[in-house]
Every structure is written in C-alpha cells, then in structure tokens.
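Heads up, what comes next is one protein chain in two forms, each shown on its own as structure tokens, labelled structure 1 and structure 2.
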Structure 1
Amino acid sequence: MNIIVVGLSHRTTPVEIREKVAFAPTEMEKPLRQMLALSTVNEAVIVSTCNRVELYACTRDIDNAIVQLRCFLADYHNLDNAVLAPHLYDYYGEDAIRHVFRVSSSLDSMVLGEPQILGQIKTAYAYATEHKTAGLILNRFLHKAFSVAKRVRTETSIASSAVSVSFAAVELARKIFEKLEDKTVMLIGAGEMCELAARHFVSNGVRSVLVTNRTFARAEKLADEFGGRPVPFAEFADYLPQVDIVLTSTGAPDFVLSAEKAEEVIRRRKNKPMFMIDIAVPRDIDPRVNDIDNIYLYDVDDLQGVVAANLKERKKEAKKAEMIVEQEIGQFFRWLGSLDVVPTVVALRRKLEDIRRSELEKTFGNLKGLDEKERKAIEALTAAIINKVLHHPTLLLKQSSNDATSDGYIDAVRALFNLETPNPDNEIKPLDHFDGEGKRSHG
C-alpha cells in the first residue's frame, strides 16, 4: 500500500487559482466520498486552507491514482485540467511522507513555524474520520504527522519568536522587564495595531492598563474592554511616571511626548526602565527619546526589523526541524512497508490451517480405532509439516518488506494460494484496534 499526495500551495500557485480549488469546510462529505469512490483510491483525506489544497490518498496503483486525483481536483471545481496541471505537485513513497510531515511541522508554511497549519490538518483529519474515508494507513500516518509536528515544536525553537509586529512588542518588553505581571501599560490614542498590541500585553500577564484619548468617551469605552482606567488626554503626562510600557498611535501631526518631558518622567521614576512603542505615522514620540538612558523607543519600522530578525532565526531552527523530519520518515516508511506482508502471512497460515483441520477431521472419521496418543501424534505431525512449509515463505515475505520486491511476492502468494484480498471494511479500523491485531499476528 502506498501513500500519495496531490495538491497545490502558495509556493506553486497564485491566490486567484488557489481560491478556485479550495473546498468549503461546511461541505466536506461530498468531495471526500467522491475521492474515495475513485477506483484506485482506498483511503482519502482532503486538506484545504487558504494557502494550500492537498489530497492525501492510499493506493495500490500509484501512477493511475495520481492521474485520477489530478483529474478529480479539476473536475470537482469545474476547471480545465490543462489550466490546473502546471500548478499541481504530486508525491509518493518517502517523498509523500516527507511532504506531509514538513507541512504539519509548518516547514512549508508561508510564515515559517506558524502554528495554524497543524490545527487545519487536524480538522481535515476529523472530517475524514467523521465520514469514514480515512482508514488504517492514513489514520496512523496523520497521527504520526501530528507527533512529528509536536516534536519539532518542543525540540526546536522554530515557533518561539514573534513574527507579528504586535507580538514582537511583547517579546521586546520581556527582554527589558523579564516579567510583565506587575507592569503598567498606557495606551495613547486608539489605532488598531495599538489595541492589538495592548491585547497581547494583557494576555501575557499585564494587569494594569491606562487608556487615554482626545475623546474621553472613547478612552472610557476602550478602558472598559481591557479592564483598565481611562485618563483625560490633557493630563496623561502626569500619569507617565507610573507607566512602564507606552503604546501610542494618535493622529496628531506633532510629537505628543517630547524628549524633555520624557527625561523628566524617567527622573521621577528613579530610572526604572520604560519601553515606548510608537505605532503612529507621523510619529507621536520624539525619536531623541531613544537616546535617554533607560528608555527604549521603538517605532513601526523598528518592530518590523525585529520581525525580520526573528524570521531569520526561525530559518536556522528549520534546519534542525528538517533533521527531525528525516529521522521520522524512515521509521514510518518501514512500518508502512511491513503492513502488506503481515496480513498476507496471516491469511496464508489460516488457509493452510483450515485445510489441515478439514483433512484431519476426515482422517479421524475413517480411522476410529486410534487412541488419544496416536491422534496427538498425527496432529503434531501435520502441524509440523505446515510450519516447515511456511517457514521459508514467511521469512522471505518479512524480509522483502524492507525493499521494493514485496509487492511482487505478495501478489504471487495471493494468486498461487488463492487468498482473498482483505475486505476493505476490515482495513478501516481505529488506531488502537490495529495495534492489538498487529501484536497478535507477530506473536
């Protein structure tokens, strides 16, 4: 059994086309059922986000399945196959596993290390289990992808640094204050980014928020939202000595805070450090304030610089993550390979055992004079013959599971002994169920 991936992403496809092939999350049943109905597809999962649309499938016939899936994607969305084709990529074997592991670990994301993608794949998997289109292999496969993503997250710091401007502000504050719990934030003005940053600060532990605005009513409203305190705009400077973090984004044409005023504030604070974030354009705070000891002033461009530096840092971490992915691929690929051999060996043994049982019954029916000891001996003899006969084929099948010859052997064995192909219903089983069976067949 093989895992294949057909799809497109932000790397290969512009948004105009991506939006045309996206699947609506409200109606996943129809495409999943149609995909599973394809003659070559045994299991199906569809991942659809704004940056990628991917079909994961299990098949015995890689080449035809890829063709069918490519057509399915175009046909389902009423697109010309030729238009879509150049944007599509497909993977099978180890490459398919590597691809999905990389996607779930956010190594293929537009923003490296962003956390959403894992949730999106989990949702896709939930749809597939809901509609019973993911079987034994994709179940196991996606669970593995989730655990690889988790390992990447815990063993590298790929997602630890902020890549949004508002979160970068929180991170900088941590580099100055260490703890934010006992700090006070003041919001001057009410820009969207400012509010977002304030929200980040509050969710990261800041308890005390002051809000000021030229329109006092707006300050009151915003203060209510953060559980903070409104301050009249004319008097905000008087409150500055008790403020550790200042966020400004007013529409004022001039500086709201001069260097002289800031100097006085820091003196009254006995040099306790202050972090000022000026998101307004034109700027609200005199840039010379950054030259004052113990005040750290950042404007929008500076914060963007932090984001760029963090992204660079993530790229470094991504290399470690790629190594983790490589380790996990090998392990999963071997499991996948052994999967076909095990049920075949079990079926073969059962077939021979059935023949032995029925022949023994016949023989014992004819030879009524046998005593218990003789019956036992005959039973042992026949069992030994079967074991001896099966010994080498079993060994060969198990050994072949590590290389490409296994499919050929499995086909031959199934044809020669007329073994029925496994019932697809049996294959679609929850994960823990499989584990139990796997143990039994080994024992």
Structure 2
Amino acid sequence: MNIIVVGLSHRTTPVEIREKVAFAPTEMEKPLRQMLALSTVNEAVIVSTCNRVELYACTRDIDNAIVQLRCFLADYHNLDNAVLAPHLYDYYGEDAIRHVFRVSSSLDSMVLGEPQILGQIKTAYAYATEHKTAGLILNRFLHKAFSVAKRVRTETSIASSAVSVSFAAVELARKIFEKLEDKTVMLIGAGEMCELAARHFVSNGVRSVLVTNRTFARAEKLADEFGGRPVPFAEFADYLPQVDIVLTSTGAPDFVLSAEKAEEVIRRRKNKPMFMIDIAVPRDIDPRVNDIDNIYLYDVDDLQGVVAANLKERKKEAKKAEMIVEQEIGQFFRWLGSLDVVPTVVALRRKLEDIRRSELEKTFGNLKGLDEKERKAIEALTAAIINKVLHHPTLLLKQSSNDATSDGYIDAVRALFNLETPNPDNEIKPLDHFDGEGKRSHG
C-alpha cells in the first residue's frame, strides 16, 4: 500500500486559483466520499486552507491514482484540467511522507514556524474520521505527523520568536516591561497593523486599552471590540501620562506627538518607562522622542529589523527540524512497507506447509511399517527443508520493506508461488474505526 499526495500551495499557485479549489469546511462529506469512491483510492483526507489544498490518499496503483486525483480536483470545482495541472504537485512513497511531516511541522508554510497549519491538518483529519474515509494507514500516518510536529516544537525554537511586525511589538514590550498584565495601551488611529498589534497586546493580557481616532464613532467601535474606552482625538495627549504603551497609525501628514509634548508626558509620569510604536508612514511621532530618557520609540523599520533577525534565527532552527523529519521518515516507511510484506511471508509459509503436510500424509499412507520415532524424524526433516527454503526469501522480503524494491519482490513471490492475492473484503477498510495507535476496533 502506498501513500500519495496531490495538491497545490502558495509556492505553486496564485491566490486567484487557490480560492477556486478551496473546499468549504462545513461541506467536507461530499468531496471526501467522492474521493474515496475513486477506483484507485482506499483511504482519503482533504486538507484545505487559505495557502494550500492537498489530497492525501492510500492506493495500490500510484500512477492511476495520481491521474484520478488530479482530475477529481479539477472536476469537483468545474475547472479546466489543463489550466489547473501546471500548478499541481504530487508525491508518493517516502517523498509523500516527508512532505506531510514538513507541512505539519510548518517547514513549508508561508511564515516559517507558524502554528496554525498543525491545527488545520488535525481539523482535516477529524472530518475524515467523522465521515469514515480514513482507515488504518492514514490514521497511523497523520498521528505520526502530529507527533513529528510536536517533536519539532519541543526540540527546536522554530516558533519562539516573532516574525510579524505586529507581534514583534509585543515581544519588544515584554523585554521593556517584563510583564504586561498591569499595563495600559493607547491606540491612536485605526491602521490595520496598529489594530492587529493592539489585538496581540490584548491577547497577552494588558490591563486596559484606550482608543482615539479623528472619527470618534470609529474610536467607540474599536474600544468596544477591545473592551476598552474611547478618547476624543483632540484630548488624547491629556491621557498619555496614564499610558504605558502607545500604538499609533493615523495617516496624518504631520507629527501628532511632538518631542516637547512627550517630554511633558514623561515628567508627569515621574519618568516611568513608556514604549511607543509608530507604525504610520509618514511617521506620527517626532523621531527626536527616542532621545528622551525612559521613552522607547520604535518605527515600522525598527520592527521589520527585529522580524528579519527573528526570521534568520528561525531558519537556523529549521535545519534542526529538518533533521528530526528525516529521522522520523524511516521509522514510518518501514512500518508501511511491512503491511504488505508480512501477509506475503505468512501466505508463503502457509502454502509450503500445506504442501509438506499433504505429501507427508501420502508418504505415511504408503509406509505402513513406520514407528512413531521414524515418523517424527521424517516430519522434522521436511520441516527443516521448508525452513531452509524459506530463509532467504523471507530475509529478502523483510529487508526490501525498507526501500522501493518491496512491491516488485512481493509481486514476484506471489506470482512464482501462485499465492492468492489479498481479498479486498478481508482488508482493513476505512469504514472501520481505528484508535490513535492504529488498532482496529468496532463501534
């Protein structure tokens, strides 16, 4: 059995095509069942996010399954296959395992180390479990992917530093103030990045939020969203002495906070530190404010410098993460290879043992004078011959389960010894339920 991946991502496809092949999260049953109904597909999972759409499947027919899945993706969304095909990639075998381990560990994400993709794959797996399209192999595979992602987060620092301008502001504030729980934030203006940074501060526990804007209704609306208090724009400077962190992005042509006013504010604060984040272009705060003791002023370029340094650090950690992925691939690939090898070895031994017993019965029927000791000696001799004959083929099959020759050897052994092809009705089906360890159970 083989694992294959067919899909597209931000690396291969513009957003105008990605949005056309996205699957609605509330309507996953239909596409999952259609995917499972393909003649080459035994198990199915669909991952659909804003940055990628991927189909995970189990199959015994790699080439035809890839063709069917590519056509399914185009047909389901009423797209011309010729238009979609150049954007698609496909992986199978060890490459498929590597790809999914890397994706779940956020090594293939637009923002290296972001945590959202793991949750999105878990959600995709939950849909497949709910609609009974994932069985033994994808169950074991995705649980392994989750554990690999956990190892990466535990054993590396790939997600420990901010790589967005808005979150970098929070990271810097923590270095200045150590804790944020007793701090007050003022949001000046309604720029998108400024608002996003404010959301990060709120989620990190700041005590209170003041919001001011030239349009007071907008200030009221934002304050309501943050559980804060609106402040008239003409009076915001009067509130600054009670503020620890200032976020500003007004779009004003001139400075809204001068160095002279900032000096007055810090005196009224009795020199308690202030952190000011000016994300506006052109700038809202006079850059001379940075020369005032106990005021820490950062503009958008400063924050982008922090982001760039953090991204560089994440890339270093990504090398450690890639090593973890490579370590884990071999272990899972060996397990996957053993799924076909073990039944073949068992069937081969059973076939030769049946022949041995049948021939022994004929021989003992013609040799009436044998005593028990002689019969046992002949049985032991024939059993030893069978073991000798089976030793090398068994060893070769087990060794081949670790590489690409496995299918060839299995097919050859089954053909040479006329072994019965596994009955699909006896195989583990995705309609059965499996626990997290890949064990079969019936609900």
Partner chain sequence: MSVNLLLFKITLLLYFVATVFYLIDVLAQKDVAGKMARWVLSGGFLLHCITLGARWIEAGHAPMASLHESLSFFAWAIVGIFLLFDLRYRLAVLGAFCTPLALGLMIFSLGAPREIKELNPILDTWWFPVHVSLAFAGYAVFAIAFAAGIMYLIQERLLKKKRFSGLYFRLPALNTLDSINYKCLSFGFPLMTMGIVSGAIWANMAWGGYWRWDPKETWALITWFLYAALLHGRLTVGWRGRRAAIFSIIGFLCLLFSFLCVNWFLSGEHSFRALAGG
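Given the structure is predicted, the values throughout are model-derived calculations rather than measurements. Superpose the two forms; the largest set of C-alphas matching within 1.5 Å is the rigid core. Quick note, the numbers are simply positions in structure 1, starting from 1.
Annotation: structure 1 represents the form predicted together with the partner chain, while structure 2 represents the other form. Taking 2 Å as the criterion, residue 287 counts as shifted between the two structures: its C-alpha moves by at least this amount when the rigid core is aligned. Once the cores line up, the CA of residue 379 ends up 2 angstroms or more apart between the two structures. After superposing the rigid core, the C-alpha of residue 208 moves by 2 Å or more between the two structures. Core-superposed comparison between the two structures: residue 223 shows a Cα shift of 8.2 Å.
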